[in-house]
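Just the one chain here, laid out as structure tokens, in the form predicted alone.
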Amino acid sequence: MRRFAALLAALSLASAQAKTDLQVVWFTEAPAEQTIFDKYVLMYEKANPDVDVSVTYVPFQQLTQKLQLMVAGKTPPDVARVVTANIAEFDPVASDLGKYTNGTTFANQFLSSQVPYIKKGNRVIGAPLDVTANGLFYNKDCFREAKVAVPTNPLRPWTWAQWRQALETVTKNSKCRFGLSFDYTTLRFSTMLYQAGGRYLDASGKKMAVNTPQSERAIDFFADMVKDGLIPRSQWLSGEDPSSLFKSGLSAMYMSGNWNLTQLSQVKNFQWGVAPLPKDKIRSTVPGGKFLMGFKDSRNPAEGAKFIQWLTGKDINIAFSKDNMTLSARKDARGVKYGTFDDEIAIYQSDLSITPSYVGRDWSNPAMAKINTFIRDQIVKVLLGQQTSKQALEAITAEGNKNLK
């Protein structure tokens, strides 16, 4: 009997030892995210009984430091959920997914705007878990009161001139005192820079290409809207929260992005919607998002690559995106119905589909993370009248080229 019990114990131990312990670092921004991811971990373990998934949850603010310490200590996780700046920073220590699958075929499953983040030469250093897009929320009550129609077809958006005229009309003829709340970020401003035909880097990615009349036009158009009071000065000069003014019903529109859909669903004091982004020379948004990446010195890079492919595969990724109310970065996810916000999501997807691929190439360059705040500071100097848009672009070019060397 004792021999039998010992044999069972030995078999049990051998079984436990045979299991792969997959280490995952997952940042969270809301408690619901953790609950949802736990569900998918259980699904993966059920489909792969030889794998135990161990998840370390960290607040977003601690993610970069956590990964830096793990990499420095030569104990990187097998999989990490990261943002655009992280995937550029950890490129040198990333696992190459191309070793475990056809890299080109794998990368081409995703929107072209996201491919520059993950495809580095012949290597594939990660996979988009979701994609974000800048966009315009609007107060339906105020536009209705002012008798201003908002475009509903993304293929026929306002021009910049029509957009500005609409904002002026609504602020004069409705309870909305302000035309446009605008997030205080370089990424949000850059939506207009790309629409004007500007870009930050040249095709080689080794030289700044932002000092152009197109970029100058974008800064001047934005500065004029601030000067004329359509965009509250306090949001870019005093740190006022742009979302508060919109949620209080005092701002006709809000330049932000799809990640606010769930939060704005709590707004009950007025009806709101999502308008197609206006166009100037071209239509464009600025894509961002979250990614999965592995590390070449982790314990189980092959199992990590398998997990990444599973969670970004069509069926699982679309279900995961619906659960989180995020946009899938897969090309074949366009048109998928979420059951709520379907009209709004279709507008974001249309803007993403038309966005030039060089927008993703700009923001996947590590230099952009280094000059992000510098760019915003130069725009603020224009708003304060301390320099012209031309001088701002010259300063951005000099700082960018210094970081590209």
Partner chain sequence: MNYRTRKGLVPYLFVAPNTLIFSLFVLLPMIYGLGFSLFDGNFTTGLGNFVGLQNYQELLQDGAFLRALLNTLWYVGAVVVMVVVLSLALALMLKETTLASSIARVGFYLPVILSPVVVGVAWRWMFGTELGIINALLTMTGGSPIPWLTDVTWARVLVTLASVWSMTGFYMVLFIGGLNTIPTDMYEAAEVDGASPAQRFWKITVPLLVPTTMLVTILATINAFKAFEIILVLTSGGPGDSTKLLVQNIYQSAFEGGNPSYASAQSVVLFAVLMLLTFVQTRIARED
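Between two forms, the rigid core is defined as the largest C-alpha subset superposing within 1.5 Å. Positions refer to the first chain, counted from 1. Keep in mind that this is a model prediction, so the values were computed, not measured.
This protein has a second form, the form predicted in complex with its partner chain, left out of what is shown; the following refers to that one.
In the predicted bound form, every residue of the candidate spot (T64, R177 and E240) has a heavy atom lying within 4.5 Å of its partner chain.
In plain terms, the part of the chain that comes close to its partner chain in the predicted bound form, with a heavy atom within 4.5 Å, is 90-98 out of 323-331, 213-221, 90-98, 119-127. Comment: its partner chain is not present in this chain, but in the predicted bound form one of A203, A161, I282, A72 has a heavy atom within 4.5 Å of it, namely A72. Proximity to its partner chain in the predicted bound form, defined as a heavy atom within 4.5 Å, holds among T35, S357, T373, S54 only for T373.
Although the partner is absent here, P232 is a contact residue: one of its heavy atoms lies within 4.5 angstroms of its partner chain in the predicted bound form. Contact check for K19: no non-hydrogen atom falls within 4.5 Å of its partner chain in the predicted bound form.
At the 4.5 Å threshold, heavy atoms of L245 reach its partner chain in the predicted bound form.
In the predicted bound form, its partner chain stays beyond 4.5 Å of every heavy atom belonging to E45. The two forms, fitted on the rigid core, differ between this form and the one not shown by less than 2 Å at the CA of S265. Core-superposed comparison between this form and the one not shown: the C-alpha position of F295 differs by no less than 2 Å. Annotation: Cα of L237 displaced by less than 2 Å between this form and the one not shown, core superposition.
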